[in-house]
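Below sits a lone chain in structure tokens, taken as the form predicted on its own.
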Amino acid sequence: MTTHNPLRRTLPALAGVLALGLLTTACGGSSDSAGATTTTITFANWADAEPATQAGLRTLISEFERTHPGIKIKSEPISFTDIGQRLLLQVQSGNAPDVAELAGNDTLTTAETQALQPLDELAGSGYKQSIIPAELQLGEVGGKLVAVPWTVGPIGLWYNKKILKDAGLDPSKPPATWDDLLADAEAVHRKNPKIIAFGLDSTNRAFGLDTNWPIIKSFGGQPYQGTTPAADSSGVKSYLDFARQIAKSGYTPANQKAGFFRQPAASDQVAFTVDGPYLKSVVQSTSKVTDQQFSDTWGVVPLPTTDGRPHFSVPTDHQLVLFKSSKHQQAAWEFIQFLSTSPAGIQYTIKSEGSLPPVATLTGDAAKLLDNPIAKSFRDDIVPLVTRPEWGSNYAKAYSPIMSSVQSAMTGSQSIDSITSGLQSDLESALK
């Protein structure tokens, strides 16, 4: 006689239920108490890792979840310094997030892994037409859109009108050439040597080269293109000679980050500095001045040039990317679109990031917030000058020898010809 065992029927059924549950979890889906399916999107970013932007981002994510009840966002905070390398490791291990915040060389290096999802089809013509054209082009690699702008931050030349007037200069005529800037810096330094006449990031890091790249180009130089070094050229030599002049004359302290100059700028201790829109938010948060008071003191114009060459800028934009491995492409795109173009996303970009939004046409509160001379100068005069440096894996190899040469010119006594000859040799080895 066979004994009846109810587990013989229950166990196979239970196994099927568990298997289905595991499959659902692996795909990032879950069900709420009412049985509705919820999609979870992982978002790797540094905004949630920084005190200045953390609260704003979390509020923004909450607003997205409120207006998109079927989608939950799992934020993965990673520091700005680490996120590029962390994402490369996640790609290699098959554990990439759905969406990530990237900037500068990290975007192009990640794109080289072929792990980014082309966004042209998801974005469609409507979204593309809503974005500033020059900013949209920065996310194109190999003819495909693989990144879209979240915050817009081209660099320009900031100048303090009070300091210039005190030095006997005309605040309505900021320098248009680098020779003009040297002359103005000399006047400022002569009037008050304690003031930083010219703030320039000369640190040995990728962002340091980002800051110097448009200035080198304005002197007619470009240290390399592709895998071909061009460091031993008249343009690079002219730039290094300029870097030596501003350091040896005491106009700028060498080996300082762009952020180093923001706090003294808030107390009117910087005459000129190369920076993105962030300077305004730092100065206002420190000194508590109004928009009008800030504009009365500060102005921003395109970086100077020389010998009639074009003016250049580079982007310090934060971009958004979607990984091919994401199982929820449409939901991830909805989140990206919300961050970059929704009224809430635009407000976050302006107020928390101290940057410009990427949308081509501003309306409502955003238009009012950016109705000031600083924002208009960035949008109308500087954004069109943006050019992307030679970002990619070669940039990661090249920035250190290039910035080491800049620092040698600023702090050493070795001839400029000798420095560029050594740099040429170093780049030939690095870019093989």
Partner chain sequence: MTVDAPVAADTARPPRRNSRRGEPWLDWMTLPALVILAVVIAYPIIRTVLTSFYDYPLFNPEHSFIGVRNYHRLASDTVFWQALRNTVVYTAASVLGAMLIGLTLALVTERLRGPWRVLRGALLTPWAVPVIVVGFLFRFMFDEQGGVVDAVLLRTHTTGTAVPWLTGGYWPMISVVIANIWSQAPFFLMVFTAALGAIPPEVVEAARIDRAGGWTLIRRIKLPYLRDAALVGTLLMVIQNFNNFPLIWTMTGGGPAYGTTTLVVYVYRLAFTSYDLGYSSTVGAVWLVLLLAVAVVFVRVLRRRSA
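Residue numbers count along the first chain shown, from 1. Note that the structure is predicted; figures quoted are calculated from it, not measured.
If you look for the form predicted together with its partner chain, you will not find it shown, but the lines that follow are about it.
Screening 152-160, 221-229, 103-111, 339-347 for residues having heavy atoms within 4.5 Å of its partner chain in the predicted complex returns a single hit, 103-111. A heavy atom within 4.5 Å of its partner chain in the predicted complex is found for one listed residue only; from 177, 234, 204, 295, this is 204.
The three residues 125, 281 and 372 each lack any heavy atom within 4.5 Å of its partner chain in the predicted complex. Although the partner is absent here, residue 360 lies well away from its partner chain in the predicted complex, with no heavy atom inside 4.5 Å. Its partner chain in the predicted complex is approached by residue 408, whose closest heavy atom lies within 4.5 angstroms of it. Contact check for residue 118: no non-hydrogen atom falls within 4.5 Å of its partner chain in the predicted complex. Mapping the unseen interface onto this chain, residue 396 counts among the residues with a heavy atom inside 4.5 Å of its partner chain in the predicted complex. Although its partner chain is not shown here, in the predicted complex the stretch 168-199 places heavy atoms of 194, 196 within 4.5 Å of it, in sequence order.
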